[in-house]
Ligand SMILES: Cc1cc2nc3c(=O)[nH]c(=O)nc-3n(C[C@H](O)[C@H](O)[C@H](O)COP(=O)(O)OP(=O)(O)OC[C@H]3O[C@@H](n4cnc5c(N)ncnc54)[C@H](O)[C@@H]3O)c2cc1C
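Below you'll find only one chain, the form predicted alone, shown as structure tokens.
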Amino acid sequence: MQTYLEPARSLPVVAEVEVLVAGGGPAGVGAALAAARAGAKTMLLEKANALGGMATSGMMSHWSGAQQLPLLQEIIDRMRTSSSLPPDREITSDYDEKWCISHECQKTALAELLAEAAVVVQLHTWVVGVIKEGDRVCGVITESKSGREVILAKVVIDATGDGDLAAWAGVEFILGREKDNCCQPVTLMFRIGGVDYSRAIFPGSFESYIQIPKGEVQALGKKHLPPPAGHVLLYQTRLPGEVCVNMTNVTNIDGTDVRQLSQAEFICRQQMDAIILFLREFVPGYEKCYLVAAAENVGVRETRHCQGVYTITGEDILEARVFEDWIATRNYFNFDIHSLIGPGLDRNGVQKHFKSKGTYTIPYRACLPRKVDGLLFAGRNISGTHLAHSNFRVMGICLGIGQGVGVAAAVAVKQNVLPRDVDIREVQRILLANGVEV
């Protein structure tokens, strides 16, 4: 490959904070809120024009995974009180009342919560590198309309999803599945309008087998949609006649490669037209549906698994382990592995028939790099196997991981110690005081 030597230059240090969070998705929001509320001077950087990541810009339909988390309930309550929601709307289900996401209202709700916590939020900002002193991360390099800049911090939290900061800092990682580095497929979420709710169906999982006049809906999808699309996942929204669609599908994609991501966007958009035509022809209530909006980017389910002091396994989840160094608790979801070769569920995934001994915890050690200091992981990039990751990657659990890591970062600053030397009992004391239950 041809190369070019970029000339060295001096970069302005535009901010110095105690805790710096990279990534404004559920994990990053949880980390920034928790760190600031625990007394740390906190800054959050986000590449998009709004907070929330997959929960907003990614147009995900609903929250799941840690529905008892007080912080999640706080976010949902703020969103549900938005004056921008349809007036006098009828609440039709527990899903509508509690977990359904109103994307634009949630963007505003998150911005309000972070502002109230005195978090400095900078949008439209890409983190493009880390600054290290020896083995310790002490800041980041950013790119934005304001140019190339430096922000210094005592503790940096990587909530990028893909573990970008960790990779730049030299943290070891495994890409995707251990045996072949294959990652779960990517999806471009979108919303459609013109749906007759009185007749519509809402299959919510790969194992939602619903008989409709022309056949069973999942079988029809596999037969008539262009591969690797083929499953039918449709979710209610709070907007009249609108439905959130989770049906585009692109396999064999490395979400850390910009060229592959670009190709995935084009493929998904081609699939969207075919999906709408399929819904009009086969699915009751969708005869007059039309495209309203698509997410700002494809949703990437899996890339780097950063290697931490401890690696969470599928057995930990099935055994409902409560670790001594827990920082996120009462997590519950299934092994939601989307097929790596086509539509539907992977042969190692389990949804309807998932069984475990109960809820499980996330250990702090899974958020700590083995060798690099001054850095913490938060969200789907923490240390876990391909199987375990398919469970803890969902947004509610990532929010809880972020909250725990954010408190740990604030305690490290207060105690003037490295994150790996933090008093975990003090971290847990603060979490318990904020309503977290073991």
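In this text the structure is predicted, and so the values were computed from the model without any measurement. Residue numbers here begin at 1 and follow the sequence given.
Quick note: we don't show the form predicted in complex with this ligand, though the next part is all about it.
Asker: Can you work out which of Val394, Ala388, Val413, Val372 has a heavy atom no more than 4.5 Å from this ligand in the predicted complex?
Answerer: Result of the distance check: Val394.
Asker: Residues in which of 181-189, 364-372, 269-277, 146-154 have heavy atoms within 4.5 Å of this ligand in the predicted complex?
Answerer: Correct option: 181-189.
Asker: Are Gly28, Gly161 and Asp164 jointly within 4.5 Å of this ligand in the predicted complex, each by at least one heavy atom?
Answerer: So, yes: the whole triplet contacts this ligand.
Asker: Are any of the heavy atoms in Trp168 no more than 4.5 Å from a heavy atom of this ligand in the predicted complex?
Answerer: Judged by the heavy-atom cut-off of 4.5 Å, Trp168 is in contact with this ligand in the predicted complex.
Asker: May I ask you to check whether Gln218 falls inside a 4.5 Å heavy atom distance of this ligand in the predicted complex?
Answerer: Gln218: no contact with this ligand in the predicted complex.
Asker: Using a 4.5 angstroms cut-off on non-hydrogen atoms, would Gly53 count as touching this ligand in the predicted complex?
Answerer: Residue-level check for Gly53: yes, a contact with this ligand.
Asker: Although the partner isn't part of this model, could you tell me whether Arg301 comes within 4.5 Å of this ligand in the predicted complex, counting any heavy atom of the residue?
Answerer: Flag for Arg301 set to yes.
Asker: Which of the residues spanning 318-349 lie within 4.5 Å of this ligand in the predicted complex, based on heavy atoms?
Answerer: Stretch hits: zero.
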